[in-house]
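In the block that follows, a single chain appears as C-alpha cells, in the form predicted on its own.
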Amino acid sequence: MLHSPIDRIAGATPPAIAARVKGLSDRAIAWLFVAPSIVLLLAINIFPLIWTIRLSFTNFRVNRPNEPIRFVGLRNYINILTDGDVWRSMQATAHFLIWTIILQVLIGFFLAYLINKKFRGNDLWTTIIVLPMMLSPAVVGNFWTFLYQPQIGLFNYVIAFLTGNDPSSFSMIASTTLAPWAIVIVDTWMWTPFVMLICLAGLRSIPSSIYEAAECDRASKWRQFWTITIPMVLPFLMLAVLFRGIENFKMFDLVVQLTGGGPGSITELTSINLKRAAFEQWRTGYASAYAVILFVTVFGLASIYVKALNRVKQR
C-alpha cells in the first residue's frame, strides 16, 4: 500500500520511464539534477558575455536598430585605450579603490580586535557597528548628501567645531578637491563593518592554546600580536581585500547618489563612464568593448590575487 508522496509518485510513473531511470548511473542522475542550474547559468551569465564580446567588434547602436551593423575590428578597443576621459575615470577609480580598501582594512581590523575582547555590551556594540552595511546604497547616498550640505549638514558642523572654520565655507560634494574624499568616507563608513566581521571570524578561529604556549615562553603581547595574530588573520584580511576590491571596482549606485560623477568628472568612476557611453551616448558597440576591458582587468587581477591568497593559506 502506497503511503508517502514519493511512493505515490513512483507508483504513478509509467513503467517505460521507470525502467529508464533505474538504468541510469549515479553520475547520470547527478547531471540530471545539475542540468537546470547549468542551463540557467548559461542563459544569465555566459550568453550575455558572449553577446557583449560579439557587439564589441561592431558599430552597433541600440537606439538605431534599423541601421546596418558593421564589423569594425579592434577600433572600439583602440578608441577606448586612447581616450583621455577613460584614463581619467580609471584614475578616479584607482584613487577610490586604494583608499577605501586601506581605510576599511585598518579600521575594520581595529574594530574586530576590540570586539574580540569580551566586555560588557559587546553584542550591542557589534550590532550598532554592523547597521550601516544593512542599508541600501541609495539610502546611504541620500543620507550622506544631507549630512554634507554646507548650511545644514551635520558633517560640516563637526568639522567646523574641530577646526574653527565656518561650516558654510566648504562643501564636500561640490569641491573638486574634497569630492573624491567624500565618496571614500561614505563607502568606508558603510562597508567597514563587513571587513570587521571577516576579521572577527579570523580572530576567533585562532586557538587559545597558541597564545597560552606563547605566554609560557614569556612572549610579550606585542610579540604575540605580530607573530601569532597577524599571520593567522592575514588570509582573512586578504579575502576581505578581494571582496571589497571587486565590489569597489564596479561601484556605481552610491557615487551616483552622492555626486553623480561630479563636480565636472572628478568622481566619474569607470562604471559611471561606461553607463554614459551605453545609455546617454548610445554607443553600444563602444560600451561593450569598454565592459570587456573592465571584465578582463578585474578577472585577471582577481586571478593573480587568488593565487597569492592560496600561497598564504598554504604556509
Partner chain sequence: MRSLLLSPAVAAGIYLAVSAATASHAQAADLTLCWAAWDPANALVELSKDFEKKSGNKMHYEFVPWPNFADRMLNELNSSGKLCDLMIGDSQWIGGAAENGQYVKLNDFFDKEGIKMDDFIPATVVGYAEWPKNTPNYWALPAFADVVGWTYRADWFSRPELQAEFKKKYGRDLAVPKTWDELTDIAAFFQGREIDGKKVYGAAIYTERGSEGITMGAMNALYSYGFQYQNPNKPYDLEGFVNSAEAVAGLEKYKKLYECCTPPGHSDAYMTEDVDAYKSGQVALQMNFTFTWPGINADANVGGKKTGYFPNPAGPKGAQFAQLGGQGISVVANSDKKTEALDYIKWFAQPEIQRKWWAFGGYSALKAVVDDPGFASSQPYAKPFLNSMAIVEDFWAEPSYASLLQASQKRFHDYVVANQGTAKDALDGLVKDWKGVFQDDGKY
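Source: prediction; values computed, not measured. Numbering follows the first chain given and starts at 1.
Quick note: we don't show the form predicted together with its partner chain, though the next part is all about it.
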Please name which of the stretches 40-48, 272-280, 27-35, 242-250 has residues with heavy atoms lying within 4.5 Å of its partner chain in the predicted complex.
-> 272-280
With heavy atoms only and a cut-off of 4.5 Å, decide whether Pro132 touches its partner chain in the predicted complex.
-> no
Considering only heavy atoms, tell me if Pro68 and its partner chain come within 4.5 Å of each other in the predicted complex.
-> no
Touches its partner chain in the predicted complex: Ala160 (any heavy atom, 4.5 Å) | no
Can Arg64 be called a contact residue for its partner chain in the predicted complex at 4.5 Å between heavy atoms?
-> yes
Given that its partner chain is left out here, which of Asn142, Thr127, Ser168, Gln91 has a heavy atom within 4.5 Å of it in the predicted complex?
-> Ser168
Contacting member of Thr227, Ser205, Ser136, Thr176, with respect to its partner chain in the predicted complex [4.5 Å, heavy atom] | Thr176
Though the partner is not shown here, which residues of 123-151 have a heavy atom within 4.5 Å of its partner chain in the predicted complex?
-> Gln149, Pro150, Gln151
